[in-house]
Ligand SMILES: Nc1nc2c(c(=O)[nH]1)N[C@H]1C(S)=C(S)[C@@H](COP(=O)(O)O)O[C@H]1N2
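Only one chain comes next, encoded as structure tokens, the form predicted on its own.
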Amino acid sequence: MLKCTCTEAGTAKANEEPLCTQPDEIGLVPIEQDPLIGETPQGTLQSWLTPNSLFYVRNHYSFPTPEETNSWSLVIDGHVSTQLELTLDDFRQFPKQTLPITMECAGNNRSDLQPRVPGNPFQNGAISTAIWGGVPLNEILAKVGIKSEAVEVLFEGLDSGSPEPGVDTEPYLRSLSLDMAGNPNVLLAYEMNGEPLSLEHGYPLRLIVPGWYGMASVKWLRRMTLITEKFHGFFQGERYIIEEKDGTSVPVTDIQVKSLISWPQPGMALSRDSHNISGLAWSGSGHINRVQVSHDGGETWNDAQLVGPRYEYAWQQWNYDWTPDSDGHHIIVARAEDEKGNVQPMDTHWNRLGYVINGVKPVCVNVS
């Protein structure tokens, strides 16, 4: 059973956050300005589809310049039979595929970790869902012809900088194995919710890797290179890893099963009437099969109802009707289970870099 950890200060902070009752004034919760980083406000995490203006933003470097994006083309080279250079108009000549995909930053909920760790102090809001439109990556790879010695595809973004003091300037780089790159749902996307990508979300073209944390979905894609050895770079070896106690490290890849409570908000005062507890659940391993809700900190559990659209790579809405049986302080928690049997843990695995934070997050309310 979870113990209450809320404080008057924490409740006040939660109540001050802009909610969806003020849609004309709402915007991302700012984390940094350069590079631009902002999370989706807690109170707007109630809709299945996230408006583009409220979709969280996580960048490692500053935006590319207008000169770079205006003269843009994508080069596909390396160990290929035919090198290609494609413009955005070229991509629009391919049949467009659209997929609803939930994207979560690997550091989402980092502020929950105790003791605290360095990095962007995200709360719940480094997660959003959009319908992405573009061309399957495997179609482009089929056009160039992959040579037998190639083992990975290396993706390079237009953005560049020094990843930390003392490290030389370099572009943002990530790779995928040929098996993962061959997944027909991995997209080279130029649209987001039916609109052209905006600059902050990767215009002109970005990679979308469904089911993986957002660091894999390289923005402002400028080059894809077929390479013969596994890539090890700063953002794939020094970062986005989980360090184990024995000194080994495990790469951060697929999104772990998780849920959040959209309503009620922390610190709310509720009556003894019936209330609809609602939220969202997701997993990189497939559909959500079950969400359970507890109103006593995890001592007893009840099944919630899964509602709304159901897609392999998008989050699942859920509802649970609750009539409090007593006044006082109540600790509401939710936990999810996916179709492969993965169950959201009660506690998060603490790690030095603050990734994959998927333990249940209680919401405390007061009933009178």
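Quick caveat: nothing in here was measured; it's all calculated off a predicted structure. We number the residues from 1 along the sequence you see.
Not on display, but discussed next: the form predicted together with the named molecule.
For the options Q317, N59, T50, Q42, the one in contact with the named molecule in the predicted bound form, meaning a heavy atom within 4.5 Å, is N59.
Checked against the named molecule in the predicted bound form, the residues H201, R110, H275, H295 give one hit for a heavy atom within 4.5 Å, which is H201. The named molecule in the predicted bound form comes within 4.5 Å of no heavy atom belonging to E152. Contact check for K219: a non-hydrogen atom falls within 4.5 Å of the named molecule in the predicted bound form.
At a distance threshold of 4.5 angstroms between non-hydrogen atoms, G214 is in contact with the named molecule in the predicted bound form. Taking the partner from elsewhere, L141 is found to have every heavy atom lying beyond 4.5 Å of the named molecule in the predicted bound form. In short, of 201-209, 89-97, 68-76, 247-255 it is 201-209 that has heavy atoms within 4.5 Å of the named molecule in the predicted bound form. Contacts of stretch 151-177 with the named molecule in the predicted bound form, defined by any heavy atom lying within 4.5 Å, are made by G157, D159, Y172, listed in sequence order.
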